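Let's start with one chain on its own, the form predicted alone, as structure tokens.
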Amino acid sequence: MYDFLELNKMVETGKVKVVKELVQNALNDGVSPAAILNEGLLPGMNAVGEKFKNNQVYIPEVLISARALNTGIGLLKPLLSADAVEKPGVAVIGTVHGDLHDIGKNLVKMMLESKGIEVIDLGVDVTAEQFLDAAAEHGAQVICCSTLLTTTMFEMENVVKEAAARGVRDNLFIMVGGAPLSDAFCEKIGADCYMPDAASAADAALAWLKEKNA
């Protein structure tokens, strides 16, 4: 059994050069790329997510850890066959139409990826139609809508309505997030899940995907 503790820690603390070196060493030792990803890289980022959720670290630390994670993944990508890593599912994420803020969206994206979920990032100012088109194109079961503005909150309801209009509402887990939102708002617009932080959102998406695909 290969010891990934140091790699876990180096991802968690954002040591880019050391992560690169440790990943290469593991590859040289014959460790499978999938094992390096699932046991070495992702647990380190998950640890950061838990600390972020508990206000033990903040956005700058998360971004530093994510950079280390992505460096390691960059080395592995050419070696990972499509079926070597079993992904829990696919999520589409974006900031809703009329809003150009993306820090919250990017944090959720990172946390989703740290759970092994494939993320299709649509960027900012995304319409309901674009969310649903992308979900259909990529076979996504989760749609994550972000906003920072009270003026664009109800764009999220349009996503729910568009899913219903296309007859796919029951197949999708529609998540909403952002500073002005609440559980009550989520319920009011008919979305499935609101979480106050990125790590909790990723946990909720993973739990739903596992249950859905069990």
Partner chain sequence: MTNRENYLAIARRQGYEYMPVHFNMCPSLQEKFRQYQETHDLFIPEGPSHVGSLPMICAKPEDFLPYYENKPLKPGANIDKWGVAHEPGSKAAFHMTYMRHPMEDFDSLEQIRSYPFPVFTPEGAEQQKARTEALHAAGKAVQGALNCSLWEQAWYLRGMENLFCDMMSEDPMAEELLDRVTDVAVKQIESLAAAGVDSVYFGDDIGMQHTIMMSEELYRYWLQPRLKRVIDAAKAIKPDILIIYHSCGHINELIPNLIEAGIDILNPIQPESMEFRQIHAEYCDRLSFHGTIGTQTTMPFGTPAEVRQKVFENLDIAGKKGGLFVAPTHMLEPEVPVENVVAYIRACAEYTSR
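Numbering follows the first chain given and starts at 1. Just so we're clear, the structure is a prediction, and the values are computed from it rather than from any experiment.
Omitted here: the form predicted together with its partner chain. The next part is about that form.
Heavy atoms within 4.5 Å of its partner chain in the predicted bound form are found in exactly one of 71 to 79, 92 to 100, 112 to 120, 133 to 141, that being 92 to 100. Between its partner chain and the residues I64, L172, V160, L42, the one pair within 4.5 Å by heavy atoms in the predicted bound form involves I64.
Interface residue among L37, C186, A47, M153 relative to its partner chain in the predicted bound form, by the heavy atom within 4.5 Å criterion: M153. Residue contact with its partner chain in the predicted bound form: P60 places a heavy atom within 4.5 Å of it. Contact between D125 and its partner chain in the predicted bound form is found at the 4.5 Å heavy atom cutoff. Contact check for N28: no non-hydrogen atom falls within 4.5 Å of its partner chain in the predicted bound form.
Put simply, V168 is far from its partner chain in the predicted bound form: not one heavy atom of it is within 4.5 Å. Contacts between stretch 1 to 36 and its partner chain, counted in the predicted bound form as any heavy atom lying within 4.5 Å, involve no residue at all.
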